[in-house]
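Next up: the same protein chain in two forms, each one alone, written as structure tokens (structure 1, then structure 2).
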Structure 1
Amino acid sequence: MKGGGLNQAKRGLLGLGLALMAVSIASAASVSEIMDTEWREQLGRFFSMRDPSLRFALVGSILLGLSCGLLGSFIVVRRMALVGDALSHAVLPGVALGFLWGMTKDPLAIFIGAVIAGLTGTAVVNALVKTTRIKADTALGLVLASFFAVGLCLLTMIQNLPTGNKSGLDKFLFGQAAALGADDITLMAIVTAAAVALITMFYKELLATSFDAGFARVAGIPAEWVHHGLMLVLAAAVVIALQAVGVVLVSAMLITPAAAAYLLTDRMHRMLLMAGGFGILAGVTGAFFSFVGRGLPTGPLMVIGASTVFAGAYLAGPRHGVLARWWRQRSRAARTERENTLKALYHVWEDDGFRDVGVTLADLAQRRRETLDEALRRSRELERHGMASVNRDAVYFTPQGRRRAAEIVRNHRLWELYLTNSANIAPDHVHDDAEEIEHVLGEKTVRELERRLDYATQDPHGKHIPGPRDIHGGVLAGGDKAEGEP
């Protein structure tokens, strides 16, 4: 079963890669049509890495993908997705003010302005929740919209100013990785390194306060400080991502890679690694298409990349994925069907006193109250799984099939006996329940049941409960020799 899961995971990843490639081919084609550029030439430039602006864009995307993925994991498990959204919109007036400070696009001034604006926004949210009856979601929406509106107005005013070097400021809305400069990259590297270092150092504290803040506080972990620290690093990470992703979509880079990782794993440290990886993947994909597409905004492309990863995780995830779940359900249903056929064969064979070697299709059909065609289809299904062989109008157990059939019958009768004896349920009420249980009883439970029932050999209806000898050969046809055969 485990190996199957792994294979499924591999298959899922393969599917994911194919989907990404399909998307890339499609969008590359459309991009070339729209922009009317030589995308082949752009492609060559991309992979040769000669262009310094391209190198910056690529390094920047990797850095922001990593920091957003890591921090986003905590945002997702702390249920703070809306906070990330509000924070990212609230930074916009800070960007404008940072520009107005020196009338130039100085990364540090903009960074400081934006972080201050973002933290002011979250402080306003907290104040609203504490001092009024307004709940957190409303307060977040309110702050998000008002700060964003102020930021938009300020940015438009700056665009209309007669002085100053305004190039690149308009990219803060939808993002343009190609606009990143050396100073931007330095800042991004510092913030990402700080985020990675802090998460590594305070992983334990972050984990405990995210899972159970009350318990963490009682245990002496400064949950408040951990929260404020996380918000500060988050604000910084949002701001460094702004220029490449844009204010509008930066929160998607926080939550989408993390949400995809959340679907794929059950452990926090793995989720962090995966989310970081997905973030980088999305960032690079975005930068790539933005470059090939000549001036297409990077932010939307990165988010499309991240969403593709998420869709892949949702559909093809090995455990929580829709396809895997559907497949598991289907194969379970098919197995139950096969086992029911085996059981019917056993019943016919038992009524016959285990005399004949095979069971006729007619008897099987009669037993299951079905047509001959259906009985034949079921028998062929058993044959495909090595449980029986069909020869003209009769079905013969293989040793493996005979054993499984005896096990199912034993499970059914044991369970009926258990319900009547130990749970005081009338014998005529236990059959339907046993029909379900018989397919899921494990060997361990069976041993326990046998022990509790004192190794009884008769079920409540007076039928024989197959014991180890019946199952593993001996009395019945087949015998020990047959066991070893394939």
Structure 2
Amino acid sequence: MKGGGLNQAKRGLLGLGLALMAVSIASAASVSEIMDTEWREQLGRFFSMRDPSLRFALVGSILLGLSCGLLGSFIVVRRMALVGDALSHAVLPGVALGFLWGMTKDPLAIFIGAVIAGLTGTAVVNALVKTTRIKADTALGLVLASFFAVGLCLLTMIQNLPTGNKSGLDKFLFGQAAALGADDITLMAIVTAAAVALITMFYKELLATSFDAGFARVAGIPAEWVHHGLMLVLAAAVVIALQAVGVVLVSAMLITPAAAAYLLTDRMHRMLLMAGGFGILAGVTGAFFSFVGRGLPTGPLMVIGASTVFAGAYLAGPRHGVLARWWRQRSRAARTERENTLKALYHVWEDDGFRDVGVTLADLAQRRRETLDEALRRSRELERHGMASVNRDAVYFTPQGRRRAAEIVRNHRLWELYLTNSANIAPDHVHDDAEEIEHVLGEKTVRELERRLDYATQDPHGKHIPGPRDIHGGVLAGGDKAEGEP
């Protein structure tokens, strides 16, 4: 999984921000409409589960979070975040037509109408991309806006009907988890079970087409059919989510849990488990705070819960988190500085013919072109890491420090020789490159360099390249005696 999924996540979060602005002026409803009880009593009622509306809302939120998290993972890795947003808006005309079919809020009729509308929107996008010069993102924007406009017009027409005010279709715009009933939960359970079953059965096909569609076709996998099947299940998942979070926020529930999981793992199966878990956590969190808070909208709270998880992954993720990256960069910079000090100590020691056991702070400061205080501070840093010991005005290698100093010098001089011999770069132009690479060369690469350079013992400037005996043995003057204080 590469960094392109992160760009999709950023676009999803931008849509989330706009959605939250819209919700602030909307009439999204809470799970609990009781306003005259204390929060402690509400807390007890939540954990007792004695309110039917709470049970339906909680189960619906869990199913919604699971289905959106699982399917959203494939949307993120396929870089199709805008597709989820377009689908969520494209299904709105189908919701209205499903109501007009029987003039009742029949969950099955609305579901079928919305799925058909969503698939029609996807087909229009594909047709525009294949038959015109319009790119996919432009086509998605056109379908999103036009289908949503048609849906709003149909909803307005329904509201003007004699029974329109009782239709409750306006809740599909901003969601109302409290309005979930037994039929809605049954439909959500069926769609979620179907999504889990299809992902389990066709995991390999989905994995192959998500990361390398060309390879999938060569391997005989019908990539187009897999894509259309995913779009069908995705459209169904979007429809069941509308009742809880609404058209405006459903794309956020598809993208945000998956984006958080994307930052925490590089394995698809783990991403699916994490995204599903994050989706469930967001659903339960939204239902909890909506019920306890009395009057707080459930759908937006679910999205805020998912966004909080994403923020945690963004900041504190062990590999891709901001804090982890900052700490690694800081640690790398500090290690590089320590190794540069070790190298300077080695050079002073080498220039003196390896005769003295220690290096004076004055010589170190002169070599590094810094003050005595700075040289002392760097030497104390080596001492804290077990690389050297400081006694009065001199610095002494420890065995560990001497080995690492010899390795750094070896890496530097080997790389200079390699660039001079293999890349035909002048000897006076290879120092800067060697300064950077000397800290990251691994032992396997060093062994290969030594082999290619026929185990040379001198760099382009005539300096001795430390060998295995210099690093691990006692060839340097004084041997292990040179690593302690006199």
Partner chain sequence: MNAKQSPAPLEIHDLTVAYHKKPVVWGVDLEVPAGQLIGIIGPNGAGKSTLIKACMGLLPTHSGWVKVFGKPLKADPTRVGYVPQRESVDWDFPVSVMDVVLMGRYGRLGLIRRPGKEDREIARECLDRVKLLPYANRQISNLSGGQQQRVFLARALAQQADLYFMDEPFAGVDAATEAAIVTVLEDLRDQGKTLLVVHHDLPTARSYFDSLLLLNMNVVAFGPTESVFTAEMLQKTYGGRLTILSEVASTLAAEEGGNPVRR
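Every residue number counts along structure 1's sequence, beginning with 1. Since the structure is predicted, the reported quantities are computational estimates derived from the model, not experimental observations. Just so we're on the same page, rigid core means the largest C-alpha set that superposes within 1.5 Å between forms.
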query	finding
Label of the structure corresponding to the form predicted alone	2
Smaller-part rotation in degrees, where the chain is treated as two rigid parts between structures 1 and 2	13
Between structures 1 and 2, how far the Cα of residue 419 shifts once the core is aligned, in Å	8.1
After superposing on the core, C-alpha shift for residue 331 between structures 1 and 2 in angstrom	3.0
